[in-house]
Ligand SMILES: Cc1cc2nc3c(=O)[nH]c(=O)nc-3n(C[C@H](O)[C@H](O)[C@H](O)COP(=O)(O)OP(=O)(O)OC[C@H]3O[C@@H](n4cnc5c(N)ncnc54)[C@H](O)[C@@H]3O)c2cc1C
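The chain below stands alone and is given in structure tokens; this is the form predicted alone.
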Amino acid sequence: MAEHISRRGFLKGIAAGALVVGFDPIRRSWITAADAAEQGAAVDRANFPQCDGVIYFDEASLQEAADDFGHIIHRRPVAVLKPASVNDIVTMVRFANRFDIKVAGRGQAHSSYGQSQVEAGVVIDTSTLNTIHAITPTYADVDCGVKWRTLLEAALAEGLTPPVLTDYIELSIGGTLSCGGIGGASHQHGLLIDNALELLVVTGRGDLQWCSMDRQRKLFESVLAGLGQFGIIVRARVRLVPAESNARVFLLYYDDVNVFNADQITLINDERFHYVEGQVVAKDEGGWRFMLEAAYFYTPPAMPNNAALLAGLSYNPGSEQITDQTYFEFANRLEATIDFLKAIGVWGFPHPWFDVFMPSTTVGTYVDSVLANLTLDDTGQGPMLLYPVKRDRLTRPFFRVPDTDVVFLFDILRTAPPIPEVVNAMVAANRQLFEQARSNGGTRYPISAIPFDQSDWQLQFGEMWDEFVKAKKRYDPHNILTPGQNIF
């Protein structure tokens, strides 16, 4: 049986001996009832966070919280809180401040390099806060642990949808808003963080505050893409728009990256498609080509005009593939692939992902140089993404991208065999590719498995670094939040 304790369990079960009843600030360890009896000492019960949820101390829970989707970094906490309410998070953060314990929020743990882990601290598993409080014609009010798929299904029942979705929709809303959240509609609507209207946040001080562009604006703009450094997002109001019922999807193929990128820029500038992404795909005979993926959303009897949508594009003649599906099928298109990867065990392999944003002025040369030395084995046959976003759609100050009108996301979503030498080699290669990207004006997307220290972060934030540091001092002065990012 897992060792855990709630407030009720604590009050009823001190005699059980194994229950944790306090915290020793000198030894930096939890005190069990058995420890107290053996030492013949009274326990200060104020030295234990009184939560209505469950605090787990068993080895299985700690090991699970010491892992993430990347399966590369493993930092073992001393406890895992599964809160029953927002107040539980307030209680734990205040307790952590009192005893200088590190804390990290954890949604679906889809990060790839230990970002949501915390060595010898407390992981707050926010997946237990998963209520959709309201859906209105213009927004949804949701807990941080709600998944985007869950929200999408509820919104579609009302004829609505978030304007932007990530390709993988099993992510938590709170976790995504802490990082960014990009998708094929970002060229029109920005990132998920650009579509957050209001937040309820537990700051690093343990204060519970609502914030928006009109109230506590500095806090609002700090926590969106703030990488968990200033507060834990516990509830969010996110934008909704009317949803179409169908998607017509176009796959177009190219042999030249510069022609491919030019067509993508054309499409995001004239906004003829609702969704624009792209991939680098392997040729059967070796080498690489480029696939433009675009979607037009519609509701019959109104139908898309294929000729108008494809006019002026320079894809390989005869390469186009055109299909129709429901809007939800398109949004959830990765489900079958992921179910297959789970069935064969590959989904649980390490994922040393590489994710950067590149200026439009250097992206073609950079990608060509990377592909010249890249093999399928180097990617583990994981997908490679390459698509543009208009920079003026990105409004949050701590989300850092190159200073050009159009920026390109470039991802090598590597899958590695569970062999440490191979994983370490891929991580080292990521670092080399990043340094090359940075020398060409690129920035890191912080979901990636790229070793970073504070000097790297200072370069990443550039002119915003001083503001980032000021926000840390203002909202998390004891530096207890999210040490896995390795910023402070």
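The model shown is predicted, which means the values in this text are computed figures rather than measured ones. Numbers follow the displayed sequence, beginning with 1.
Below, we turn to the form predicted together with the named molecule, even though it does not appear here.
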{"property": "Contact label in the model of the complex: H110 to the named molecule, heavy atom within 4.5 Å", "result": "yes"}
{"property": "Residue contact check: G175 to the named molecule in the model of the complex, 4.5 Å heavy atom", "result": "yes"}
{"property": "4.5 Å heavy atom contact, T166 to the named molecule in the model of the complex", "result": "yes"}
{"property": "is_contact(V389, the named molecule) in the model of the complex, heavy atom dist at most 4.5 Å", "result": "no"}
{"property": "Heavy atom within 4.5 Å of the named molecule in the model of the complex - residue from A416, L292, I233, A185", "result": "I233"}
{"property": "One residue of P77, P162, G181, P83 in contact with the named molecule, assessed in the model of the complex (non-hydrogen atom, 4.5 angstroms)", "result": "G181"}
{"property": "Heavy atom of each of N261, G278 and M358 within 4.5 Å of the named molecule in the model of the complex", "result": "no"}
{"property": "Location of the named molecule contact in the model of the complex, chosen stretch of 301-309, 111-119, 250-258, 210-218 [non-hydrogen atom, 4.5 Å]", "result": "111-119"}
{"property": "In the model of the complex: members of 441-472 within 4.5 Å of the named molecule, any heavy atom", "result": "Y445, I447"}
